[in-house]
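Quick setup: one chain, the form predicted alone, written in structure tokens, and binding and motion questions come after.
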Amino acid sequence: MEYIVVRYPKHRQVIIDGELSGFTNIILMIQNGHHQIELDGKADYSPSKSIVMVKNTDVDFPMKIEFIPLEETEEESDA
């Protein structure tokens, strides 16, 4: 079993390989291998999805996958 944390500033459901699989900012258990990670709801974040290879993680050291709200990325590009 492997472990990931999907980071996002708001509470959102996490979709792993097309299935609702938990929530942001908590440790989620996942099988090792390649996975597509995205957030449920409005696609107001970047990147739109993350494809990752998950292996050699630990509950104390989960893989961190980060999504950023689009308004933050737009503000950075305006600066």
Partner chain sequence: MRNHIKFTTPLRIIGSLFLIAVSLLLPSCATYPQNAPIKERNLDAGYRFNTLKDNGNSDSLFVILAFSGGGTRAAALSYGVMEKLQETTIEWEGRQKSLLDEVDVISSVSGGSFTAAYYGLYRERLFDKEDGFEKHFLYRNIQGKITSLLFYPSNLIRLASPTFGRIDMAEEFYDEEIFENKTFEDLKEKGRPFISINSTDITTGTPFTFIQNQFDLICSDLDKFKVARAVAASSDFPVAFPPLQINNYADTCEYPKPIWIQVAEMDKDFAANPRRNIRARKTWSYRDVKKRPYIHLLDGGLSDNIGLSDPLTALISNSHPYSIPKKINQRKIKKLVVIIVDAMTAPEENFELEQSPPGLIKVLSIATGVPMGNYTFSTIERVKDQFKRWQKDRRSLWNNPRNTFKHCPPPPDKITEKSLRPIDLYPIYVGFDQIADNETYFGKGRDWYLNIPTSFKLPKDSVDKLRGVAGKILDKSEPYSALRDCLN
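Positions refer to the first chain, counted from 1. Since we're looking at a predicted model, the values are computed, not measured.
The same protein also has a form predicted in complex with the partner chain, omitted here; what follows describes it.
Within 4.5 Å of some heavy atom of the partner chain in the predicted complex lies at least one heavy atom of Met53. Mapping the unseen interface onto this chain, Glu71 falls outside it, with no heavy atom inside 4.5 Å of the partner chain in the predicted complex. When the partner chain is considered in the predicted complex, Gly33 lines it closely, a heavy atom lying within 4.5 Å. Taking the partner from the other structure, the partner chain in the predicted complex has a heavy atom within 4.5 Å of a heavy atom of Leu28. If you take 13-30 and check each residue for a heavy atom within 4.5 Å of the partner chain in the predicted complex, you get Ile16, Asp17, Gly18, Glu19, Leu20, Ser21, Gly22, Phe23, Asn25, Ile26, Ile27, Leu28, Met29, Ile30, in sequence order.
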